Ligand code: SIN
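Single chain ahead, written as C-alpha coordinates, the form predicted on its own.
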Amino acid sequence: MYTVNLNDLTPEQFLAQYWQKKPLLIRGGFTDFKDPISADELAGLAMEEQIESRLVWQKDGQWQAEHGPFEDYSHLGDKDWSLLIQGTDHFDADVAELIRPFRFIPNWRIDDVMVSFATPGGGVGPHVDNYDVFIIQGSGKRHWQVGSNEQLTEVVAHQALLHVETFDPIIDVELMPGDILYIPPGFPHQGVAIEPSMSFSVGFRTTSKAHLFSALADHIIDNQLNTDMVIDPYRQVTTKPGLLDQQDFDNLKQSLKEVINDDQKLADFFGQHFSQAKHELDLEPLEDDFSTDELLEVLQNDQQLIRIGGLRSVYLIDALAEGSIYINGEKFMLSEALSPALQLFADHSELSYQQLAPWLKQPEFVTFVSQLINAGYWYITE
(Lines give C-alpha, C1' and ligand atoms only; values in the text may rest on other atoms or scores of the structure.)
Protein backbone atom coordinates (compact mmCIF):
# COMPACT_ATOMS: atom_id res chain seq x y z
CA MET A 1 0.00 0.00 0.00
CA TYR A 2 1.33 3.44 -0.96
CA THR A 3 1.42 6.47 1.32
CA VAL A 4 2.08 9.88 -0.20
CA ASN A 5 3.82 12.83 1.44
CA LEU A 6 2.66 16.08 -0.20
CA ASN A 7 5.66 18.12 0.97
CA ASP A 8 4.22 17.90 4.50
CA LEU A 9 1.01 19.55 3.25
CA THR A 10 -2.31 18.13 4.36
CA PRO A 11 -4.71 17.24 1.53
CA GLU A 12 -6.77 20.28 2.54
CA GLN A 13 -3.73 22.57 2.27
CA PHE A 14 -2.71 21.05 -1.06
CA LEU A 15 -6.18 21.59 -2.53
CA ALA A 16 -6.37 25.15 -1.22
CA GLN A 17 -2.90 26.22 -2.36
CA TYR A 18 -2.11 24.18 -5.49
CA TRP A 19 -5.05 22.25 -6.97
CA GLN A 20 -5.84 23.77 -10.41
CA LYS A 21 -3.74 26.81 -9.42
CA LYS A 22 -0.03 26.08 -9.80
CA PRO A 23 2.34 23.13 -10.23
CA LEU A 24 4.21 21.54 -7.35
CA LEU A 25 7.39 19.51 -7.14
CA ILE A 26 7.13 16.86 -4.41
CA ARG A 27 10.52 15.39 -3.63
CA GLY A 28 10.31 11.90 -2.14
CA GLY A 29 6.52 11.86 -2.37
CA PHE A 30 6.75 8.07 -2.16
CA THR A 31 9.48 6.60 0.04
CA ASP A 32 11.44 3.63 -1.35
CA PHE A 33 9.23 3.61 -4.45
CA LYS A 34 9.34 0.46 -6.57
CA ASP A 35 7.77 0.12 -9.99
CA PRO A 36 4.40 -1.67 -9.64
CA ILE A 37 4.83 -2.99 -13.18
CA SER A 38 7.99 -3.74 -15.15
CA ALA A 39 8.91 -2.52 -18.61
CA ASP A 40 8.55 -6.08 -19.93
CA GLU A 41 5.07 -6.40 -18.42
CA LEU A 42 4.15 -3.04 -19.96
CA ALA A 43 5.29 -4.30 -23.35
CA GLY A 44 3.11 -7.35 -22.81
CA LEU A 45 0.05 -5.16 -22.27
CA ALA A 46 0.90 -3.26 -25.47
CA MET A 47 0.36 -6.49 -27.41
CA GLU A 48 -3.33 -6.57 -26.47
CA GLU A 49 -5.86 -5.21 -28.97
CA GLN A 50 -8.24 -3.80 -26.34
CA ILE A 51 -5.53 -1.79 -24.57
CA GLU A 52 -4.80 1.77 -25.70
CA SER A 53 -1.07 2.02 -26.39
CA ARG A 54 1.16 4.46 -28.26
CA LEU A 55 4.73 4.67 -29.43
CA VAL A 56 6.29 8.11 -29.75
CA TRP A 57 9.76 8.57 -31.19
CA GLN A 58 11.98 10.91 -33.15
CA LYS A 59 13.59 10.07 -36.46
CA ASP A 60 15.98 12.49 -38.12
CA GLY A 61 14.70 15.22 -35.82
CA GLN A 62 11.06 14.60 -36.80
CA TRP A 63 8.38 13.42 -34.37
CA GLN A 64 6.64 10.13 -35.10
CA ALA A 65 3.73 8.40 -33.36
CA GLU A 66 1.85 5.16 -33.80
CA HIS A 67 -1.01 3.43 -32.00
CA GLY A 68 -0.74 -0.21 -30.91
CA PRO A 69 -0.90 -3.07 -30.49
CA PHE A 70 2.87 -3.61 -30.73
CA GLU A 71 4.98 -6.73 -30.77
CA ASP A 72 8.46 -5.50 -31.67
CA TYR A 73 10.63 -2.48 -30.83
CA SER A 74 13.94 -3.51 -32.39
CA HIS A 75 13.56 -1.02 -35.25
CA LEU A 76 13.56 1.89 -32.78
CA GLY A 77 17.04 1.40 -31.41
CA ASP A 78 18.05 2.16 -27.83
CA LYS A 79 17.22 5.88 -27.53
CA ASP A 80 14.68 8.61 -28.31
CA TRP A 81 11.46 6.61 -27.99
CA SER A 82 8.65 6.07 -25.48
CA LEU A 83 5.93 3.48 -25.00
CA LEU A 84 2.76 4.73 -23.32
CA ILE A 85 -0.17 2.67 -22.03
CA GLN A 86 -3.43 4.37 -21.03
CA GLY A 87 -5.69 2.93 -18.35
CA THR A 88 -3.04 0.59 -17.00
CA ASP A 89 -4.90 0.59 -13.68
CA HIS A 90 -7.73 -1.26 -15.47
CA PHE A 91 -5.47 -4.23 -16.15
CA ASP A 92 -2.97 -4.33 -13.30
CA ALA A 93 -4.03 -4.35 -9.65
CA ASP A 94 -0.65 -3.10 -8.41
CA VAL A 95 -0.80 -0.07 -10.72
CA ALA A 96 -4.37 0.61 -9.56
CA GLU A 97 -3.00 0.93 -6.02
CA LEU A 98 -1.28 4.17 -7.07
CA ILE A 99 -4.67 5.91 -7.07
CA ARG A 100 -5.38 5.12 -3.41
CA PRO A 101 -3.19 7.89 -1.89
CA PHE A 102 -5.01 10.47 -4.01
CA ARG A 103 -8.54 9.47 -3.10
CA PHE A 104 -9.05 12.75 -1.27
CA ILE A 105 -10.25 13.66 -4.78
CA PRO A 106 -13.60 11.98 -5.66
CA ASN A 107 -13.99 8.93 -7.87
CA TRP A 108 -15.84 10.75 -10.64
CA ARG A 109 -12.80 12.96 -11.28
CA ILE A 110 -10.38 10.03 -11.72
CA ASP A 111 -9.28 9.55 -15.30
CA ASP A 112 -6.76 6.73 -15.27
CA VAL A 113 -3.15 5.79 -14.61
CA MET A 114 -1.00 6.17 -17.70
CA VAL A 115 2.32 4.32 -17.59
CA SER A 116 5.24 5.05 -19.85
CA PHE A 117 8.61 3.51 -20.49
CA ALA A 118 11.20 5.73 -22.14
CA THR A 119 14.71 5.16 -23.45
CA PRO A 120 17.32 7.94 -23.06
CA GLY A 121 16.09 11.00 -24.94
CA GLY A 122 12.56 9.60 -25.07
CA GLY A 123 9.52 11.77 -24.40
CA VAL A 124 6.37 13.06 -26.07
CA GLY A 125 7.46 16.66 -26.54
CA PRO A 126 6.22 19.96 -25.07
CA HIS A 127 2.45 19.88 -24.64
CA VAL A 128 -0.50 21.05 -22.55
CA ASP A 129 -3.06 18.75 -20.92
CA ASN A 130 -6.64 19.65 -20.01
CA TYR A 131 -6.57 17.56 -16.85
CA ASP A 132 -4.77 17.48 -13.49
CA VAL A 133 -1.96 14.97 -13.24
CA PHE A 134 0.41 13.61 -10.61
CA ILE A 135 3.48 12.34 -12.47
CA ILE A 136 5.28 9.77 -10.32
CA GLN A 137 8.85 8.96 -11.27
CA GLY A 138 9.59 5.27 -11.20
CA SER A 139 12.91 3.61 -11.95
CA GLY A 140 15.44 5.71 -13.82
CA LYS A 141 15.56 9.48 -14.16
CA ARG A 142 13.74 12.07 -16.26
CA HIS A 143 14.31 15.75 -16.83
CA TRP A 144 11.06 17.71 -16.52
CA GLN A 145 10.25 21.29 -17.40
CA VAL A 146 6.97 23.05 -16.59
CA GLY A 147 6.01 26.49 -17.85
CA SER A 148 3.48 29.05 -16.66
CA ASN A 149 -0.12 28.88 -17.85
CA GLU A 150 0.21 31.65 -20.41
CA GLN A 151 -1.37 31.24 -23.82
CA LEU A 152 1.01 29.39 -26.14
CA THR A 153 0.82 28.65 -29.85
CA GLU A 154 -0.02 25.06 -30.65
CA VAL A 155 2.16 23.17 -33.11
CA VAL A 156 1.15 20.02 -35.00
CA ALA A 157 4.34 18.01 -34.61
CA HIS A 158 2.65 14.94 -36.08
CA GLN A 159 -0.95 14.10 -36.96
CA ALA A 160 -1.13 12.24 -33.64
CA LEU A 161 0.85 14.77 -31.59
CA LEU A 162 -0.18 18.30 -30.66
CA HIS A 163 2.70 20.28 -29.19
CA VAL A 164 3.17 23.85 -28.03
CA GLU A 165 5.90 26.29 -28.84
CA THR A 166 9.01 26.57 -26.68
CA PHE A 167 8.28 27.91 -23.21
CA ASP A 168 10.31 29.35 -20.34
CA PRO A 169 10.27 26.86 -17.46
CA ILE A 170 9.17 27.82 -13.97
CA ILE A 171 10.11 24.30 -12.84
CA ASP A 172 13.24 22.69 -14.28
CA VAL A 173 14.13 19.49 -12.42
CA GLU A 174 15.48 15.99 -12.64
CA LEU A 175 13.05 13.52 -11.08
CA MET A 176 14.32 10.54 -9.10
CA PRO A 177 12.35 7.42 -8.11
CA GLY A 178 9.48 8.37 -5.79
CA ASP A 179 9.46 12.05 -6.77
CA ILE A 180 6.12 13.48 -7.86
CA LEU A 181 5.30 16.41 -10.11
CA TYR A 182 1.77 17.82 -9.84
CA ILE A 183 0.69 19.75 -12.96
CA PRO A 184 -2.70 21.49 -13.24
CA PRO A 185 -4.53 21.92 -16.56
CA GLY A 186 -3.12 24.51 -18.92
CA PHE A 187 0.50 24.42 -17.76
CA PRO A 188 2.88 23.38 -20.59
CA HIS A 189 5.35 20.66 -19.74
CA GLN A 190 7.72 18.13 -21.19
CA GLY A 191 9.72 15.24 -19.82
CA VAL A 192 12.82 13.69 -21.36
CA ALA A 193 14.34 10.46 -20.11
CA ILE A 194 17.94 10.69 -18.98
CA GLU A 195 18.23 6.93 -18.73
CA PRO A 196 15.81 4.04 -19.30
CA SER A 197 12.95 4.95 -17.01
CA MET A 198 9.37 4.33 -15.96
CA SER A 199 6.80 7.03 -15.25
CA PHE A 200 3.33 6.72 -13.72
CA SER A 201 0.78 9.48 -14.35
CA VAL A 202 -2.32 9.54 -12.15
CA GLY A 203 -4.74 11.74 -14.07
CA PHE A 204 -7.90 13.53 -12.94
CA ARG A 205 -10.13 14.75 -15.73
CA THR A 206 -13.24 16.88 -15.60
CA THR A 207 -15.39 17.50 -18.68
CA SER A 208 -16.11 20.35 -21.05
CA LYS A 209 -19.48 22.06 -20.79
CA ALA A 210 -20.15 21.20 -24.43
CA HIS A 211 -19.47 17.51 -23.79
CA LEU A 212 -21.63 17.57 -20.68
CA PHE A 213 -24.58 19.03 -22.62
CA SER A 214 -24.03 16.54 -25.42
CA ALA A 215 -23.96 13.61 -23.00
CA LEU A 216 -27.09 14.89 -21.26
CA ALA A 217 -28.86 15.13 -24.62
CA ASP A 218 -27.87 11.54 -25.43
CA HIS A 219 -29.11 10.43 -21.99
CA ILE A 220 -32.46 12.16 -22.54
CA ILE A 221 -32.89 10.63 -26.01
CA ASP A 222 -31.74 7.14 -25.03
CA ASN A 223 -34.12 7.05 -22.06
CA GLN A 224 -36.98 8.81 -23.88
CA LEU A 225 -37.15 11.59 -21.30
CA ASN A 226 -38.73 15.05 -21.71
CA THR A 227 -40.66 13.96 -24.78
CA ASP A 228 -43.50 16.40 -24.03
CA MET A 229 -43.77 19.19 -26.56
CA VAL A 230 -42.93 22.83 -26.02
CA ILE A 231 -46.35 24.51 -26.09
CA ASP A 232 -47.56 28.08 -26.51
CA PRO A 233 -51.29 28.23 -25.62
CA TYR A 234 -51.18 32.00 -25.14
CA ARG A 235 -49.99 32.76 -28.65
CA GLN A 236 -50.69 36.32 -29.85
CA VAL A 237 -51.13 37.55 -33.39
CA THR A 238 -47.86 38.68 -34.98
CA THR A 239 -47.31 41.28 -37.66
CA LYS A 240 -43.71 40.12 -38.14
CA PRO A 241 -43.81 36.44 -39.17
CA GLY A 242 -40.02 36.26 -39.43
CA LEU A 243 -39.49 37.28 -35.80
CA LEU A 244 -38.80 34.91 -32.93
CA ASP A 245 -39.88 37.44 -30.33
CA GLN A 246 -38.92 37.81 -26.68
CA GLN A 247 -41.96 35.92 -25.43
CA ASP A 248 -41.12 32.91 -27.58
CA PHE A 249 -37.45 33.19 -26.62
CA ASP A 250 -38.37 33.15 -22.92
CA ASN A 251 -40.76 30.22 -23.42
CA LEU A 252 -38.09 28.14 -25.16
CA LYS A 253 -35.50 29.09 -22.58
CA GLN A 254 -37.87 28.12 -19.76
CA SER A 255 -38.43 24.72 -21.40
CA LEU A 256 -34.70 24.07 -21.33
CA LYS A 257 -34.48 25.25 -17.74
CA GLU A 258 -37.16 22.74 -16.75
CA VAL A 259 -34.93 19.97 -18.10
CA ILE A 260 -31.85 21.25 -16.26
CA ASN A 261 -33.74 21.96 -13.03
CA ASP A 262 -35.09 18.41 -12.69
CA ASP A 263 -32.73 17.26 -9.94
CA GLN A 264 -33.93 13.65 -9.98
CA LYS A 265 -33.25 13.23 -13.70
CA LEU A 266 -29.96 15.08 -13.43
CA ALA A 267 -28.89 12.87 -10.52
CA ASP A 268 -29.49 9.76 -12.61
CA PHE A 269 -27.60 11.28 -15.53
CA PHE A 270 -24.64 12.39 -13.42
CA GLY A 271 -24.49 9.09 -11.57
CA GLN A 272 -24.61 6.96 -14.70
CA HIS A 273 -22.37 9.21 -16.79
CA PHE A 274 -19.61 9.70 -14.25
CA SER A 275 -19.56 6.10 -13.06
CA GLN A 276 -18.91 4.83 -16.59
CA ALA A 277 -15.42 3.34 -16.88
CA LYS A 278 -12.92 5.37 -18.91
CA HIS A 279 -11.48 2.32 -20.67
CA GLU A 280 -12.63 -1.21 -21.26
CA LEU A 281 -12.69 -3.09 -17.96
CA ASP A 282 -10.69 -6.26 -17.53
CA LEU A 283 -13.79 -8.23 -16.53
CA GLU A 284 -13.77 -11.94 -15.80
CA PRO A 285 -17.43 -12.84 -15.15
CA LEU A 286 -17.85 -16.13 -13.34
CA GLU A 287 -18.91 -19.05 -15.51
CA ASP A 288 -20.91 -20.52 -12.65
CA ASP A 289 -22.79 -17.95 -10.60
CA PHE A 290 -21.56 -17.46 -7.07
CA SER A 291 -24.37 -18.42 -4.71
CA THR A 292 -25.31 -16.41 -1.65
CA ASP A 293 -24.42 -19.35 0.57
CA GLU A 294 -20.94 -19.58 -0.98
CA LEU A 295 -20.47 -15.84 -0.50
CA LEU A 296 -21.26 -15.99 3.20
CA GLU A 297 -18.97 -18.96 3.67
CA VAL A 298 -15.89 -17.41 2.06
CA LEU A 299 -16.35 -14.02 3.72
CA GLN A 300 -16.55 -15.63 7.13
CA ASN A 301 -13.13 -17.17 6.41
CA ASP A 302 -11.57 -13.68 6.51
CA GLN A 303 -11.30 -13.41 2.74
CA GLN A 304 -11.71 -9.90 1.37
CA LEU A 305 -13.66 -8.43 -1.50
CA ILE A 306 -11.50 -6.46 -3.95
CA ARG A 307 -12.80 -3.99 -6.54
CA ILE A 308 -11.23 -4.39 -9.99
CA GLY A 309 -9.08 -1.57 -11.31
CA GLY A 310 -10.88 1.11 -13.31
CA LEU A 311 -14.34 0.34 -11.93
CA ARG A 312 -16.14 3.54 -10.97
CA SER A 313 -18.77 3.72 -8.26
CA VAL A 314 -20.58 6.98 -7.57
CA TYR A 315 -23.39 8.08 -5.27
CA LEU A 316 -25.28 11.29 -4.66
CA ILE A 317 -26.48 12.03 -1.13
CA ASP A 318 -30.22 12.19 -1.89
CA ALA A 319 -30.12 9.17 -4.20
CA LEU A 320 -28.09 7.18 -1.67
CA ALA A 321 -30.61 7.96 1.06
CA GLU A 322 -33.22 6.31 -1.16
CA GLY A 323 -31.04 3.23 -1.64
CA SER A 324 -29.48 4.05 -5.02
CA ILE A 325 -25.87 3.79 -6.21
CA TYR A 326 -24.30 4.00 -9.68
CA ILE A 327 -21.73 1.43 -10.77
CA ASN A 328 -20.13 1.40 -14.23
CA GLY A 329 -22.93 3.44 -15.77
CA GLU A 330 -25.74 1.40 -14.19
CA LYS A 331 -28.12 2.38 -11.41
CA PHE A 332 -28.59 -0.12 -8.59
CA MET A 333 -31.55 0.30 -6.24
CA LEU A 334 -31.92 -1.42 -2.89
CA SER A 335 -33.87 -0.71 0.27
CA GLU A 336 -33.23 2.61 2.00
CA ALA A 337 -31.99 0.78 5.08
CA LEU A 338 -29.08 -0.57 3.02
CA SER A 339 -27.76 2.90 2.09
CA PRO A 340 -24.77 2.71 4.50
CA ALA A 341 -23.79 -0.63 3.02
CA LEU A 342 -24.01 0.69 -0.54
CA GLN A 343 -21.77 3.60 0.40
CA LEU A 344 -19.04 1.13 1.34
CA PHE A 345 -18.92 -0.14 -2.25
CA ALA A 346 -18.30 3.35 -3.59
CA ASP A 347 -15.89 4.64 -0.95
CA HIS A 348 -13.68 1.55 -0.59
CA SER A 349 -11.72 -0.67 -2.96
CA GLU A 350 -11.35 -3.47 -0.37
CA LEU A 351 -14.02 -4.76 1.97
CA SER A 352 -13.82 -7.28 4.80
CA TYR A 353 -16.37 -9.51 6.49
CA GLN A 354 -16.36 -7.22 9.52
CA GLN A 355 -17.35 -4.23 7.40
CA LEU A 356 -20.16 -6.11 5.66
CA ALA A 357 -21.37 -8.23 8.59
CA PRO A 358 -24.16 -5.84 9.78
CA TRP A 359 -26.05 -6.38 6.51
CA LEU A 360 -25.16 -9.94 5.56
CA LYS A 361 -28.32 -11.33 7.16
CA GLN A 362 -30.44 -9.42 4.65
CA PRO A 363 -31.00 -11.53 1.49
CA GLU A 364 -31.43 -8.45 -0.68
CA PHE A 365 -27.95 -7.24 0.17
CA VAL A 366 -26.28 -10.63 -0.19
CA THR A 367 -27.91 -10.98 -3.62
CA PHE A 368 -26.53 -7.55 -4.59
CA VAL A 369 -22.99 -8.49 -3.53
CA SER A 370 -23.24 -11.79 -5.38
CA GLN A 371 -24.39 -9.91 -8.47
CA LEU A 372 -21.30 -7.69 -8.39
CA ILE A 373 -19.01 -10.69 -8.02
CA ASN A 374 -20.70 -12.66 -10.77
CA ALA A 375 -20.35 -9.65 -13.11
CA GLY A 376 -16.62 -9.50 -12.39
CA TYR A 377 -16.77 -6.06 -10.76
CA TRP A 378 -15.49 -7.38 -7.45
CA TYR A 379 -13.54 -10.53 -6.68
CA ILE A 380 -12.63 -12.51 -3.58
CA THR A 381 -9.03 -12.88 -2.49
CA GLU A 382 -7.70 -16.37 -2.80
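The first residue of the sequence shown is number 1, and the count goes up from there. Just so it is clear, the model here is predicted, and its values are computed rather than measured.
What comes next is about the form predicted together with the named molecule, which does not appear here.
In the predicted bound form, no heavy atom of residue 81 sits within 4.5 Å of the named molecule. Residue contact with the named molecule in the predicted bound form: residue 144 places a heavy atom within 4.5 Å of it. Using a 4.5 angstroms limit between non-hydrogen atoms, residue 127 touches the named molecule in the predicted bound form. Contact between residue 88 and the named molecule in the predicted bound form is not found at the 4.5 Å heavy atom cutoff. Among 175, 305, 96, 135, the residue placing a heavy atom within 4.5 Å of the named molecule in the predicted bound form is 135.
This chain lacks the partner; the member of 299, 114, 311, 181 within 4.5 angstroms of the named molecule in the predicted bound form by a non-hydrogen atom is 114.
Comment: 194-202 is the region of 279-287, 232-240, 209-217, 194-202 lying near the named molecule in the predicted bound form, near meaning a non-hydrogen atom within 4.5 Å. The single residue of 168-193 lying near the named molecule in the predicted bound form is 189, the criterion being any heavy atom within 4.5 Å.
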